[in-house]
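First, one chain by itself: the form predicted on its own, in structure tokens.
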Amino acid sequence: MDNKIIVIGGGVSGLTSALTLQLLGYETEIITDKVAANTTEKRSNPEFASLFPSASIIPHSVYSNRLRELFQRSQSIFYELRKLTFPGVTIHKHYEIFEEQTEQPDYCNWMLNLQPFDELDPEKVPRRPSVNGLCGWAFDCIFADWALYLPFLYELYQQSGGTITQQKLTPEDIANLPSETIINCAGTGSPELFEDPSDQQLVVRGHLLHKPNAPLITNKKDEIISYNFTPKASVYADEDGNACDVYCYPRKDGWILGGSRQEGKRGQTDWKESDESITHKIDGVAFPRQIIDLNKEILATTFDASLNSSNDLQPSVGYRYIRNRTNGLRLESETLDNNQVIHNYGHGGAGVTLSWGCALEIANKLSPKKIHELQGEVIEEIESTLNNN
């Protein structure tokens, strides 16, 4: 394994892919123009998705014909990391609740301890006051507490011998990289470096609020509670009239509240802003008023918790690279200038969720070993590192 592997992109996909290969004995180098761990100015980098994850391990807003296998492999590693007390990896009791009848998505069958609505305690279901006829489900889901998880991921990568070089690459640089194997995890920047076969290049813009120092929301079993809640379309909808959800994900450093799903194209800057009468504005950032208004109702009604626009809320706006709605995830290999290039981008809202599954797929393309063998080796190396710290 003398040949160094170059990983382009310093977000969670690039970092996890490089770490996986490093733990399996490869020599890797991440080349990236930004490093999420030390990029403090979020507003100037909305395209850098790893600055904005919630980050629940649920395959939301991602399109792939291999979604189940990639998700379940990733989920399996996250469960192992939790057993090893990997920093930031916890489990939430997560609710997905709707005010109109909604078909259950396939991924619910992949989640642990799925409970249909009629098995849920109605007093514990996130709700707005005086609204009946709800539907939905709950399940246990892994959650990566970003303020803890991401820094340790970087630390583990560097402890394992990986290196990070900050450099903004151009297409002309690619042929001169000192490697016969290149892993492309450049996200929205990928089409600037490599040809992309998709003619859509969709991104979804989302608004988030961080309420620092807010306490964890728990039930009587001491389970941490999070939720996605979708009211009727007449209450909150996108510009096409589709009902939108709001959500709350408690973390050790406070609550992450959202959201919005405004569809556009990669590189778009002329986003249509909502009328001021239906927005709130904090620190110069306008966002749909429902993010505060609906979450405020739900938190007060169900959890006896308060939320006000006067709180010390920190707004941000980030993009999710959907790419296209048929098979947006690009996880494939091609030969360019006699080099092997493996693409790993287009994760939509599931970059963290699929990070380990995609990393294992990349390792499998480079190794004769089977996926389950590679997964076992990665977990053993992480366990050994944690025990030595």
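Residue numbers run from 1 along the displayed sequence. This structure is a prediction, so every number in the text was calculated from the model and none was measured.
Quick note: we don't show the form predicted in complex with a small molecule, though the next part is all about it.
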| property | result |
| --- | --- |
| 67, 201 and 357 each touching the small molecule in the model of the complex (heavy atom, 4.5 Å) | no |
| Partner-facing stretch of 109 to 117, 163 to 171, 214 to 222, 281 to 289, counted where any non-hydrogen atom is within 4.5 angstroms of the small molecule in the model of the complex | 163 to 171 |
| Candidate from 137, 255, 227, 319 lying within 4.5 Å of the small molecule in the model of the complex - any heavy atom | 319 |
| Listed residue that, although the small molecule is not shown, lies within 4.5 Å of it in the model of the complex (heavy atoms), from 126, 206, 250, 231 | 206 |
| Residue 349: touches the small molecule in the model of the complex, heavy atom cutoff 4.5 angstroms | yes |
| Touches the small molecule in the model of the complex: residue 53 (any heavy atom, 4.5 Å) | yes |
| Residue 12 within 4.5 Å of the small molecule in the model of the complex, heavy atoms | yes |
| Exercise: residue 34 in contact with the small molecule in the model of the complex, heavy atom 4.5 Å | yes |
